[in-house]
Ligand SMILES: Cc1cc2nc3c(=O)[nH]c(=O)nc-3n(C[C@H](O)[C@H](O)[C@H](O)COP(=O)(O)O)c2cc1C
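The form predicted alone is given below as one chain in structure tokens.
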Amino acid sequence: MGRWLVETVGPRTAQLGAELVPLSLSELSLPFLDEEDHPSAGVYTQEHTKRWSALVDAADGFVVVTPEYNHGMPATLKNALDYLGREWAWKPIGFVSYGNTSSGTRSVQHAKQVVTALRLVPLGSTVALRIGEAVDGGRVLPPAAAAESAVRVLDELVRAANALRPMREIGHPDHRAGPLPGSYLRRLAPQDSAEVLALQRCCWVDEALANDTLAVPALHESLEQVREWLGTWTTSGLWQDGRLLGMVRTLRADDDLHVGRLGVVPDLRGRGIGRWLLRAAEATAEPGCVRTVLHTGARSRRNLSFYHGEGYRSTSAGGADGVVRLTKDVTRQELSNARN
């Protein structure tokens, strides 16, 4: 059944920009839960638990292919669910069931009671197959309607995964709580290029107006160019409810930490977000960094006043390109923050 599902929805995954990773529970060799701590603690000592945790944590959603035994799901599926806690939260889960008279639907109803306790979000779309109608001579040959239903499950799974992404990210242990309620800071990746491009276009208009020039790189970069530098610079984005509120990027060069593209959405300026992002960037200075370097337009009075207030000093007047270079010595306190 699993092979049939992969072959059926495989072509659709490319159209949705999704990646389908088939996995059989038999390949995991999970014994009955053998961790001493409760899964909600996230303290794992067994290697098989750590592997399972990494696989589930990396996924954005799941489709479970399950039979029905005695009006319920198999013990292997229940056991696999019970192993973990946080890794399941706010991810959609769909079901393809098979059985005899009930087509495995009672297994799905049983599973839904369990997955909702784990904060998984079960889909409304399902596929239910009667073995007598879907298997012929040992080969899985479901009716055409089943294939259409499987594609609908995948479509709904991807939509739900995208909608639930803010819920998953806000509680992720690798993300830092932001200055606004419900906001969080996480590293931006090339797949965030569309949001970054939109943020740049709305943030750097003021820079162009203040300096009476349209020669501002952030206003002209293509999606491909943004994607490229996101893979080179260390860029952090502040998010809230799926919206990118601000960002800042850093790059180590010899003894200098270069800071750039510090921007905050216009409607939230004046609330300390830019200062918070700048200090978060400064705190990433590694041992050996002696100076933070950034640039702004020579006529960007608001920016210059802000940076001077944060301890930066101008080390060059606006040259032919109309850009001022500012520097600030890395203090011991900032290095201490970077290590913590």
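Please read these numbers as outputs of a predicted model, since none were measured by experiment. The first residue of the sequence shown is number 1, and the count goes up from there.
FYI, the form predicted together with the named molecule isn't displayed, but the following is about it.
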request  = Using a 4.5 Å heavy atom cut-off, state whether K112 contacts the named molecule in the predicted complex.
outcome  = no
message = Within 4.5 Å, heavy atoms only: does G99 come near the named molecule in the predicted complex?
response = yes
request  = Mark E68 yes when one of its heavy atoms lies within 4.5 Å of a heavy atom of the named molecule in the predicted complex, and no otherwise.
outcome  = yes
query = Is there a heavy atom of R168 lying 4.5 Å or less from a heavy atom of the named molecule in the predicted complex?
reply = no
request  = Using heavy atoms only and a 4.5 Å cut-off, determine which of V265, I131, L209, A198 is in contact with the named molecule in the predicted complex.
outcome  = I131
The named molecule: the contacting residue among R261, R186, R152, R106 in the predicted complex [heavy atom, 4.5 Å] = R106
One stretch from 60 to 68, 296 to 304, 25 to 33, 282 to 290 that, in the predicted complex, holds residues within 4.5 Å of the named molecule by heavy atom = 60 to 68
